[in-house]
Structure formats: C-alpha cells, structure tokens
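Before any questions on binding or motion, here is one chain by itself as structure tokens, the form predicted alone.
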C-alpha cells in the first residue's frame, strides 16, 4: 500500500505534493519521491524528480538542499515496498528511458515479468527491481509513438493484469495529470483553478472537501479547470461527486504525542457516531445501503465472516453475537485463506466482509469469489465509496472518521458496533428477537460511549503499568467467550507496536499446552467475563489461579466491584459493568493504552510501526 498525490493548478506543485505526502505517510514510509513538469533552459518543459529511501523527512531534506524548480504540475509517492527492496533506486516516481514520462503506482502488476522481458528484448534498460518501472516505459512508448498521455494510459492499462493505481505526467504537457485504477484506491479532489489526485482524501483535504469517486477500470485526466473520466477503452464515463465531511483538523494530532493515542481517546465519540442514523421513521433498524431483500435475508442459512488482522477479531466477536441473537450458524475465515480452500457457498449464504479501508486486497478477492458462487455479500467498512462496499450487496459504514495510526483502535471498536448492529438487524428481519428486546440492546450500545470514557478517565493506572513493565520481553493474554478475541487483539497490539513476544489464548486452552510458557514474573493479562455468566466467570477465576500458582504476575481486567476475582489479581484494572457480549468495547481499551504507552517508553514510532502499513492493498 502506498500514498499517491497528483496536482495541477496555480500553486507551487512541490509544496502541495509534499504536504499531501505528509498527510499520507501512514500509507507507506519505505521511501518517498516527487516529480514535476518544470520549465527548461530552452523554454521547453522538462521532468525534474527526486526520491529517497526512508521516511518523507529524507526527501524533504534533499529538496531543501537542492531546490526543485518552480512548477505547477506534479506527482508524489510514499512507498510500502512490494517488488524490490526499499532503496533510492526502487523508490517512485519511475521515469521512462527518455525522461519524457514519470509514473507513480500503488498495487501489483501481476504480468510485469512478461512485460519486462518484452521491453528488455526491445532494448530497454530497466534500472529498478519494481513492476512500476515497466508501466513507465510502456506509457512513454505510447507517448513517443504520438499518443497523448490519456490515450497512452488507456492503451497500457488494457495490457496490465493485477491491482493498480497509476498516475503519470508528461514532460511535454504540463497541463495535465492522468491516473487510472483497478482494484486499488484513487480519488479526485475538485478545486477552483486546480484539481488533485490522491490515494486518500487526506492528500488534498487542506485545499478542497469536494471529491470525485472513480469506478473500476477507469482513467481520469485532470487539468486546472476540468476533470474527464473514461474507461480503459476510451469511452466517456462518470464518477460520483461527494462532499468530505471531515476537515484537516481531523488528521492532525490535536496536542497528543501520537495519532494513535488521539484516536484511542476519540473512541467515545466514534462509538456514538457509529450509532447515528440507524433507525428509520418507524423506529426500525436500518443499514447504510441494502440491496438484499428481507425475504432473501430470511432464507439465509449460513453466515461466513471474512477479515484479516484486527478485523478478524471483530469477526470473532460478531460470531458470538449473531449466533446468540439470530441462531444462524456463523463461520470465521481469514480472507487470504478463504477462496483457496474451496468453501461451500450457496445462494442462501451471507458473506460478511470486514475491512477498515475497503481496499484490503485479499478481502476484495474473497468477496468476488463469493459473488461468483451466488452468495450475498455485506461489507462493514470505514471508507465511503471504496471498492469493497461498492461491490457488495449491502453496507454498514462504521463512521469512525480518519484513522491515521497504523495500529487500529477506533476502527476496531466501531467495527464491533457495526457487527452488533448487523446481528440485531438480522434478528429484526427474521423475527428472532422482539422489537423491545432489540431496542434494549441498542440502548445498551448507546451507553457504551460513556462506559468507554470511564475507562479512558482511568488511563494513568494503565500508563503506570506500562512503566513497570517497560523492560519486559514477553506478555500473555487470556480470555473466555467474547474475552478471547479481546486477548488476541491485546497481543496483536503489543506485537505491532512494542515488537515483543505476545500471545493471546482462550483460557481453557492453557492446560492443553500453553501453560508451559508460564514462568515466575511473566505478566499475563486476564479478561474476566461479567459475573452474569457465572459458569464462565468461575472457570476464568480457576485459570487465573492456575497461572498464579506457577508464578505468573496476573493483570486482571474485570468489573469494578468483582470481589470474587480481586484476591487473585496482582494488578487490578476495573471495567464498567456491561453485558457480556458488549464487554469487548470496554475491555479492549486498556490493552490499547498499554501497548501505546509501552511502545512509547521503549522509544518506538507508535504511529508507523516497522514493516507495517495501514491497509494491505496487495494480496
């Protein structure tokens, strides 16, 4: 996944592009680069470019020391490496052999090896290991043969296989930037006397909040005063214009040291926003978009929830809720494994795809496989107009707002809210719960914003815990029922941010092997179910006693007045009293705070953990 910016207008393109890259650096930070169409010595326009391995600051330092010339047309890129090591040579933009065309790219060109061989046999000398350089050479070939940049892009895109966003400029035509998309994010920013290209609206939100959503297999040409959209065959096409309802302040740290910490503290508001507008005029639950009839939903006999990473843990919680409220059997699948095991899907299967970005490549490929099998697909997503929602039969948007930190926090909690809403909506349609029962759960969900704020108000307790364990090299997490996914998510956050050994287990699994890991002083986070689930509660206390007897240091997350478990807690983190199924909304928050603070104390970059990117747009 990479960050892309393009600009044509009256401002200095260098400044616009670099600022856009700064707002997109969370999308990739292995390298950064810029290319401009600037005036040459003989009055002709020429390409000027600079690119540097490492974070954007390296590029900014280079162009500050060797200033780029004035230009009003440019493109830029922050890279998360797929083909080729993250170094200066492999950084984008890539140029054609005569420096006529510059290209930046997000995604993977699956047939690049064959195309590269074709170019090399034709005498082209490719300098990098990337698939992107192949596209630059192919587009420049078309331009040198007489095609304008738009036609050249269309011609080349018809030859490409895979998922890609391509953005190009031509040294002889400073009036335009041309871009194309297939299975990869791309959005147009609509200005006055200027227009923008971005892989995310954050690229241009400082300049305009009017955007144009592009469809699949489309090419867009922007000039100062116009935007033209076509398909890959050159036929005129239309995008969908929309207004971005958040501003630049939403993408700034607002006084926090990390975007992630800011986003953790935004979670009460995010939960409230995720619940807005969920009722129709008759008080019935409604989703954002539904192209599945109630009769079809009543015929659903199996639900398969597909997701990756943190979203997969939201899926695990969803299984508990949906099966409890609807009695429909649910399966949980990792998106990248789903279609390769030949899953059994029918017209009566509902596939639920959870993706923060809506561009997760393996989840996208999985839903396409599901649709080929005639299954219905519902998306849970945070990004309006992204590919997965557009290709689904129904959508629940999480309305979390921009999440800049790579490690998901408010994205995860709002996914949980969306999963609960889905379960209740299905119960409403299928009649497995009465209306007053559904209303009661929705009321409990609405109260969760305040409950999460209660946990955040006690953040100093968790920060002190992080200080105590800043030299630890291993942490375990255990839970039961809906607390098990919370344990997995807590472990993932530590792996992502602190780079230490961390594992989550179902507490009942301990005696089947993992208890061998317990040693004196090992910190173990224990997520205890509310006392309303007496059997689970008692069994969790037994598991805590087992590990404590072997020297583990127990950090217990339980209801604030749970006197039954406090004797077995070396450290007690109180949680508000909430229903068992909703407990992940409050129990996850201390684990987020702990991971963020521990990583900070260890000197790590919390917002941009090593080797990770915000959204995985390659399979």
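Since the structure is predicted, the reported quantities are computational estimates derived from the model, not experimental observations. Positions refer to the first chain, counted from 1.
This next part talks about the form predicted together with a small molecule, which is not shown.
Although the small molecule is absent from this view, report whether residue 406 comes within 4.5 Å of it in the predicted complex, heavy atoms only.
Residue 406 belongs to the contact set for the small molecule.
Is residue 274 a contact residue for the small molecule in the predicted complex, using a 4.5 Å heavy atom cut-off?
Flag for residue 274 set to no.
Would you check, heavy atoms only and a 4.5 Å threshold, whether residue 492 touches the small molecule in the predicted complex?
The answer is yes: residue 492 has a heavy atom within 4.5 Å of the small molecule.
Whether residue 308 contacts the small molecule in the predicted complex should be assessed with a 4.5 Å heavy atom distance threshold; does it?
So residue 308 counts as contacting the small molecule.
Have a look at 398, 355, 132, 199 for me and say which one sits with a heavy atom within 4.5 Å of the small molecule in the predicted complex.
When the small molecule is considered in the predicted complex, the option within 4.5 Å is 355.
Please identify the residue among 415, 106, 387, 78 with any heavy atom within 4.5 Å of the small molecule in the predicted complex.
Exactly one residue meets the criterion: 415.
With the partner removed from view, which of 67-75, 365-373, 519-527, 310-318 is the stretch that lies within 4.5 Å of the small molecule in the predicted complex, judged by heavy atom distances?
Result of the contact check: 310-318.
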